[in-house]
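Consider the single chain below, provided in structure tokens and representing the form predicted on its own.
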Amino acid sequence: MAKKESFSDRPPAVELRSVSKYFGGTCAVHDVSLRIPEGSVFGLIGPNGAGKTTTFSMMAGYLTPTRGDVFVLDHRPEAVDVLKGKVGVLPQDALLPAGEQVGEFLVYLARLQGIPANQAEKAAREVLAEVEGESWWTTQCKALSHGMAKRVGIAQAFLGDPRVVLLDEPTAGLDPRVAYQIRQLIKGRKGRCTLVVSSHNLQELEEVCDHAAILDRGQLIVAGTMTDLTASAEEVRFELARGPVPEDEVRAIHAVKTVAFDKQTRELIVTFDRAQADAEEMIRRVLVVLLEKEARISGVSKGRGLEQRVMELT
């Protein structure tokens, strides 16, 4: 049987090699090396001042590193002619031209990206349909709501079916319904391109990303698959109501490595050898023991959750 290809087997779509960025005497990013696998949905995570926006801006070619190298599809971001049409970008709080109609704005951008004149309108209509904005074609950009404008911004980033799409805070300031729609758009692009998403919304990133990097104070803290970052492949948690906690019996389960019980949260935390069992199988085994011992179970989860992991590391 042929070995299934993993993201780690793929070449990087974006790579940072020992990148640092200074603004005067202030270091915004320090010696960051990062490989973003081709085809992944990659999250840039960190608190304010972590260096996310600076890192994003260097990937997009808006800023040049003070030291080190950035490569996008094996080219430096400033190689605009080579990367034209291959990279789409949504900057944070991007402003649309108030007096232009949505359709003419997208057609103009399509032409700038090298899409032939006889194909530009078709490309613009396709991405506008993808964000469910077909009826906005003749609407002036100044008449769009914040959520509508954000979706037009994402449409322009999708123009021409680019191989790499960079999205900076794509759901910032949006109501829950529109934020949900944006997440669905990102998910809909999975497998068609590499997406890099910078966001403060950790639950959102955990939902849509398969890889991520955590930055803090300009330095890379950790990077890897979302499964590894959240330990969802090697840790399961059980929230127990009042009653007995059969720690010894759970500890005796095959493949269990450690068992801990947090008395304050009443959470039973079980780590296991993922070479011998996956998370779903381990949940099944532990549940059998808990039910036999008449433990009262009010919740089950895998891993620590991205928010908890970030709090631990930053």
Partner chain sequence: MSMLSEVGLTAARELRRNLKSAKGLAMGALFLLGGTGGSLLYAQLARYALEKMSQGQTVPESTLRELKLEALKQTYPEATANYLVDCPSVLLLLFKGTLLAIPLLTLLAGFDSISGETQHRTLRFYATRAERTSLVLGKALGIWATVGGMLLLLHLAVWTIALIHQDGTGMQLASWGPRLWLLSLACTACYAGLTTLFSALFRTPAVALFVGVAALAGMGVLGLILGFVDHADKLSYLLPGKYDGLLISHDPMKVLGAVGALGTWAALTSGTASELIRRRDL
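Numbering follows the first chain given and starts at 1. All figures in this text were calculated on a predicted structure; none of them were measured in a lab.
Omitted here: the form predicted together with the partner chain. The next part is about that form.
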Answer with yes or no whether V80 is in contact with the partner chain in the predicted complex, where contact means some heavy atom within 4.5 Å.
-> yes
Interface membership of V250, the partner chain in the predicted complex, 4.5 Å heavy atom rule | no
Closest heavy atom of G68 to the partner chain in the predicted complex, within 4.5 Å or not?
-> no
Hey, in the predicted complex, does Q219 get a heavy atom within 4.5 angstroms of the partner chain?
-> no
Three-residue site T139, D161 and I182 fully in contact with the partner chain in the predicted complex at 4.5 Å by heavy atom = no
Of these, 182-190, 83-91, 211-219, 195-203, which stretch puts a heavy atom within 4.5 angstroms of the partner chain in the predicted complex?
-> 83-91
Option touching the partner chain, based on a heavy atom within 4.5 Å in the predicted complex, out of I36, A60, V256, A28 = A60
Considering the partner chain in the predicted complex, which of E100, E130, E207, E121 comes within 4.5 Å of it through any heavy atom?
-> E100
What residues, if any, in 282-301 have a non-hydrogen atom within 4.5 angstroms of the partner chain in the predicted complex?
-> none
